[in-house]
Each structure stands twice: as C-alpha cells, then as structure tokens.
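As structure tokens, the next two blocks hold two forms of the same chain, structure 1 and structure 2.
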Structure 1
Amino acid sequence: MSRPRLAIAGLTACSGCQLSLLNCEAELPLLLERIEFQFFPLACSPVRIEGCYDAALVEGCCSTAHEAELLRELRDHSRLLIALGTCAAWGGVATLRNDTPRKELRRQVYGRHPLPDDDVPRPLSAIVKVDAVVTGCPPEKHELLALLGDLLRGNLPVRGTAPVCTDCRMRENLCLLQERGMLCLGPLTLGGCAARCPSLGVPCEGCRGPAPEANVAEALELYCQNGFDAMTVTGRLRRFCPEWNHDQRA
C-alpha cells in the first residue's frame, strides 16, 4: 500500500503547532517510514506544491492575500484539509483587534509610512472548506500522533467535546474558580490537555477554544457567584476565539 502524501504549512502564527510535530523525535523515524511529507516548508525542501495530497495540515489564521492564495491552492490539491491549532480553528491572538479598522491599526503601529494593504485575519474556515480541526495552542503531542494515525487508517480525527474541568477532576485538582476565587476558563474551554495549567495552579486561559458540551448558562452563573461578570468572561475567551458569544453554544 502506498504511503499517504501530506502537506504541512503555516500561515500567520508562531509555528508552534508544526514544531510540536517535529518535537515528536522518538516517533519521527517510524512516521517517515509510513508517511510522505511532500510539502513541509518549515522542515524540508523543495517547497513547491506538486501533485495531489491525501491531507493538508495548516497552522495559523489567514491574514494576507498571499496566504489566502496558498490556502486555496492547498485546498485544491488536497483530499482533506485540517485546521491545525487554535489560530487555524478560531483565529487566535492575531484576530484580537479585528474590531478596529486595519488602516487605523497600521497607522498606530507604523505611523505614516505606506504599507501594502492586508486582509482581516480569519480562521481557515472563513476562506475554504475545513474537513477537521485539531485545536490547541499548540496541540498536545498525543493529539498530533493520533491525527497521523487516523490519517494512516483513512479516518478523520474525532474531536473532543468535554471541557477542561473534566480533565481537572480526573486529576483530582482543586477547583481554582470555586476554591481559590481565580478566573479559570476551564468550564467553557475544550479539554484534552490533561488540565496542564490548572494542575500547576495556573487558571485556564481558554487557549483550546470553546467546549461544545459546556453548559454556558450554568457556567456564567457560577462565574457571577464568584465575582466575575459575563462580559469579563467573554472578553477573556475572545483572546483565542474572537467570535465566542456567551449567548450561544460552540
């Protein structure tokens, strides 16, 4: 059986999602035996899109015309396109100032120096069809390996639905919100990270995006009881998912 051909690319992002894959050092030799990484500019050359790919894994949000062109080209050449990481899935921190006109942002940063126009940063799904999402900032190592395993079997990854609080309770952590009065976004954030931050006493920042199974109304009532209003919670969640709305589920 022929090895699946993969394309891995990064748009506006920090490259952390791709680096997390490259950091799977113990597993990489076996992966290279079973998968053809045909387009992976961060790791190898040539960096030309050629032929067809079984899947394209794309990190980062789309914020320039060049990135939109690359994204559409990858979509046209790939059977599957997978949003890799929170920025690709939801927009991430690059979209924080989308409520301010780009012209004004350029003036604030660069003054009067002329610059080419750029697009409003958007998640991949605003440009092309996305077949699956692996969220995280960056995704966990086990999630990336599971993704590649699914692709080898011809499957799409199964997206989790439970919030970070589920992971926290499985690790028998104290609740940072209720027991320490900290603004922890675990009740509304997608789990799968083994509650990495709360386990170290650091409140969840919502970097994995919204949890589909979260009881939003009940969670907001819980925040209110602990001294945090809905707009404060919404503002924190929108750092990674700007379209998050406390009036609707993910």
Structure 2
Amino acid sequence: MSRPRLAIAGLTACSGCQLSLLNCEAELPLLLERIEFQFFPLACSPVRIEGCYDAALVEGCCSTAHEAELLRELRDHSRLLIALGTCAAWGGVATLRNDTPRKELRRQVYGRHPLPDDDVPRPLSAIVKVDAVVTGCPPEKHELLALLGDLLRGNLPVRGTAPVCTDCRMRENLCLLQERGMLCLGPLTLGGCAARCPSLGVPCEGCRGPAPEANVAEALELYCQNGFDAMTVTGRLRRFCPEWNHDQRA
C-alpha cells in the first residue's frame, strides 16, 4: 500500500481539530509510518504547498482573501479536499454573528481606518468543492482515525445522519428537553458524539452542526411551546452554524 500524501491546514479557527489529531498519541507512530504528512504547518516545517496531495484536510472557516487563496491553492494541489470540523463544514463559532450590518460593525471596531480585506466568514464549501465533511467541534478522535483509515484505502468517510438524540436515547439518558424543559438542540444536531453533553446533564449546544434531516420548523415550535423566545433559540442555533433554514421540515 503506498503512503498517501496529506496536507493539513487551518484557516480561521482555534486549531482544536488539528490538535485533536495530534492528541491521538498512541496512534501517531503508526500514522507516521503509513501516511506522509507533506504539509502540516501546525506540526512540522517546511511549510510550502508543492506537488500533489492525495487529500487536504482543512480546518476553520474562510474569512480573509489570503485564506481564500490558500484554500484554492490547496484545492488545486489535492485530489480530495476534506472539511475538518464544524468551522470548516458550517462556519462554526468563527462565523457567530448577530444581525448588525458589517459596515456598522467595522465602523465600531476600526473607526474610519480602512480594512485590507473584508470577506464575510464562510464555510469552505462557499469557496471550493468539498469532497467530504468530518464535523464536530472538535471531531471525535475515532472519527479522525476512521477518516485516516479510509484515506489509506482511497475511500471517503461514510457519514451518519442520525441526530444526537439517537445517541442520547441509546445511552438511556433521560431526555432533558422533554423531562427537564431544557433548550436541547439534540434533535437538530448531527450525532456521532455519543451524546457527550446530554449524558452529563448539559443540553446539546449543537456543536456538530445541523443533522441532514433536521425538522427545524417543528423543533422551533416545540422550543417555543416550552417557553423559549425566538431570540434565545435563534441565538443558540447560530452558535455553531450561522445559516439555518427555519422552514425546513424534512
């Protein structure tokens, strides 16, 4: 089996997804043996994009012209481009915003000094073609290892579609939304985290981004019936993903 050549890069984000990979300490020796980490500025130099990569794993959202250029360059040099983590997939916390116009925000923060670049922070798919997504803030260790296992074999990861609730019920948790009236985003959020937060009594914050079949309209009605106002709910929804289709039912 030939060693796949990988590029791993971070845009606007906290580097947590890349760190999660570096935290797979037990597996690192095997990974180094099996995979060529050709471009991985967080972990090793030199840091030049050259040749062609079997896959580029990109963390973070794209928020500057410079990042957009780096992203396009990675895309051009890679057979596969994979969005690593919620920021790359949905925008994540780096795209957290309210409805204040950007122009106004810019004036508040920078006064009358012009800004060199002023892109609206966006997920990778707004700029380049994304072949696969591994979501999570950060992704689970087993998901990262499964991704690398797939790339070793020339496959793309298979993505589950069940929401966090399914994981949560499988762990036989008492439902925080139903039984405690908490604003839990479990029904709307893509599962795979073994319902970490609800299992500790903390409502799901939605850090893995929307589940593909989320019934957003119905969930909003339910939260409203439980006494949460629209502002609170929208605020929570936007924490990890700025764009929700509030009418989506399927």
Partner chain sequence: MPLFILPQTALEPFMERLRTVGELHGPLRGSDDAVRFSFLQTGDQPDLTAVRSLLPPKKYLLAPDETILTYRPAAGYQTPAHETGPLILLGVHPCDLAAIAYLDRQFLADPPDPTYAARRKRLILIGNSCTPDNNCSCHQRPSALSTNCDLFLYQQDNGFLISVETPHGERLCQSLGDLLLPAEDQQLPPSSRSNFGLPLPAPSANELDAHLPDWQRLADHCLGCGACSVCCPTCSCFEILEFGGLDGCSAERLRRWDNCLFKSHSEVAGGHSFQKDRAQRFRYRYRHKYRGYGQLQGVPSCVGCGRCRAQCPTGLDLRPLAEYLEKERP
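Because the structure is predicted, anything quoted here is derived from the model rather than measured. Rigid core (definition): largest C-alpha set, two forms, superposition within 1.5 Å. Throughout, residue numbering runs from 1 along the sequence of structure 1.
**Student:** Of these two, which one is the form predicted together with the partner chain?
**Tutor:** That would be structure 2.
**Student:** Superpose on the rigid core, then tell me if the C-alpha of Glu172 is displaced by 2 angstroms or more between structure 1 and structure 2.
**Tutor:** No; Glu172 is a residue whose C-alpha shifts by less than 2 Å between structure 1 and structure 2 when the cores are overlaid.
**Student:** Would Asn23 count as moving between structure 1 and structure 2, using a Cα shift of 2 angstroms or more after superposing the core as the test?
**Tutor:** The answer is no; the displacement is under 2 Å.
**Student:** Once the two forms are fit on the core, has Lys141 moved its CA by at least 2 Å between structure 1 and structure 2?
**Tutor:** Moves: no, less than 2 Å.
**Student:** For Lys103, tell me the Cα shift between structure 1 and structure 2 once the rigid core is superposed, in Å to one decimal.
**Tutor:** That residue's C-alpha sits 3.3 Å away in the other form.
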